[in-house]
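Given next, in structure tokens, is a single chain: the form predicted on its own.
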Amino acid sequence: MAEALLRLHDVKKYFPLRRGWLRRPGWLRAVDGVSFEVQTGEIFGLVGESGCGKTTLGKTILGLYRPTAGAITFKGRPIHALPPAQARALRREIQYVYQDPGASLDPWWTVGRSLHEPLVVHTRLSRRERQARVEEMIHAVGLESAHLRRYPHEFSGGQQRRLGLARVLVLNPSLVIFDEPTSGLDVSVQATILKLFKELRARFRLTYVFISHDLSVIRLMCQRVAVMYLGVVVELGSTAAIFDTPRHPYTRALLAAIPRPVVAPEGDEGPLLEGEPPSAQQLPGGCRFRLRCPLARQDPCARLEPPLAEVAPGHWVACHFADTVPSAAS
């Protein structure tokens, strides 16, 4: 196995709930004890419903949020408590591609100026060297030098995704975190963008953390997947294990919800989820999935939160009754 580029150990990120000026009645536990490793050159997927904490976790890895507890190690170096100056320097190696890349580009600046800016902030390259680097990246993502003179609003959604990639690649990062990178795109455009992601990964030896609710995209792109629910990882394993032999009831429900061209026979729709996730401000006791789980028992589900345990080599599940879940997807 390749060397681990990124390690998370029991990472937590809580946000205070304030009312008035001084009262602090509690905490919103957005990320509540997440541990995993990302290997060099890997595409690692994070999936789950909206509000599960996957985007907060991505921003915590980047350093936009400081973790409440736990440790984050990048290239063998702890990065979770770096001073501000060192944290800014680190962002040259860890880059984040936002869900709406057009929003990260200044509408009053040409694309060329927006691509120059990271190099001005993070490097001491001359203007000629910066221009050469910017043109190399704009060509790498399939655009032309003439596009550098245009403004963000003059580009389509797919082209804006390419610009977002060029903007992070100019700094030659090691790790790129994608947040819903194909949302809002036509299927044909999605396929082109995903192919570009793979080509750039091979060309520049990149490692990806891929955050998405689109399970079809995750299956196509990722080698390993972590499934999150209410701030914790409930299942972790290879893409084949997650999709072919899911062991957590939540994972099985997510997979059952994937649209299929053939309608299942009546009564054979799979374990579809009912209701909404509880609030991260008031988590249920015991297993946090028990209020929606078809396997929930009064004890120990209501009393103990299940730990993430290895049920097969490299396949981890947080469920008291993981052994009773069928070993193949419905």
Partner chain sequence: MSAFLKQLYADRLAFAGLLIVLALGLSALLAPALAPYPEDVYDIHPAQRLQPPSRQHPFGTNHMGADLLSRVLFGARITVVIATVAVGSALLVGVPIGLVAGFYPGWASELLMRLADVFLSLPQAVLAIAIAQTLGPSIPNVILALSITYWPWFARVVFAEVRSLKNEVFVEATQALGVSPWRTLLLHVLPNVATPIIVRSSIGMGYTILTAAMLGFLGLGAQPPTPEWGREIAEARQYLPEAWWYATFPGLAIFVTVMGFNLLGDGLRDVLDPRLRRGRP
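Given the structure is predicted, the values throughout are model-derived calculations rather than measurements. Residue numbers count along the first chain shown, from 1.
Beyond the structure shown, there is the form predicted in complex with its partner chain, which is absent from this document and is the topic of what follows.
Practice item. Just give me the single entry in Arg201, His139, Arg150, Arg113 that has a non-hydrogen atom within 4.5 angstroms of its partner chain in the model of the complex. Key: Spelling it out, the residue with a heavy atom inside the cut-off is Arg113.
**Study point:** Position in contact with its partner chain when the complex is considered in the model of the complex, options Ala132, Leu82, Ala71, Val120, heavy atoms within 4.5 Å
**Key:** Only one option qualifies, and that one is Val120.
Practice item. Verify the contact flag for Leu62: yes if a non-hydrogen atom of it lies within 4.5 Å of a non-hydrogen atom of its partner chain in the model of the complex, no if not. Key: It does: once its partner chain is placed as it appears in the model of the complex, Leu62 has a heavy atom within 4.5 Å of it.
Review point. Any of the heavy atoms of Gln223 lying within 4.5 Å of its partner chain in the model of the complex?
Key: Gln223: no, not in contact with its partner chain in the model of the complex.
**Study point:** Proximity of Ser104 to its partner chain in the model of the complex, heavy atoms at 4.5 Å
**Key:** So Ser104 counts as contacting its partner chain.
**Study point:** 4.5 angstroms heavy atom contact with its partner chain in the model of the complex for Arg88
**Key:** Because a heavy atom of Arg88 falls inside 4.5 Å of its partner chain in the model of the complex, the answer is yes.
Check your understanding: Would its partner chain in the model of the complex be within 4.5 angstroms of a non-hydrogen atom of every residue among Tyr98, Trp108 and Gln160?
Key -> Every listed residue reaches its partner chain in the model of the complex, so yes.
Point to revise | Residue stretch of 73-81, 204-212, 160-168, 142-150 approaching its partner chain in the model of the complex, non-hydrogen atom distance within 4.5 Å | key: In short, 160-168.
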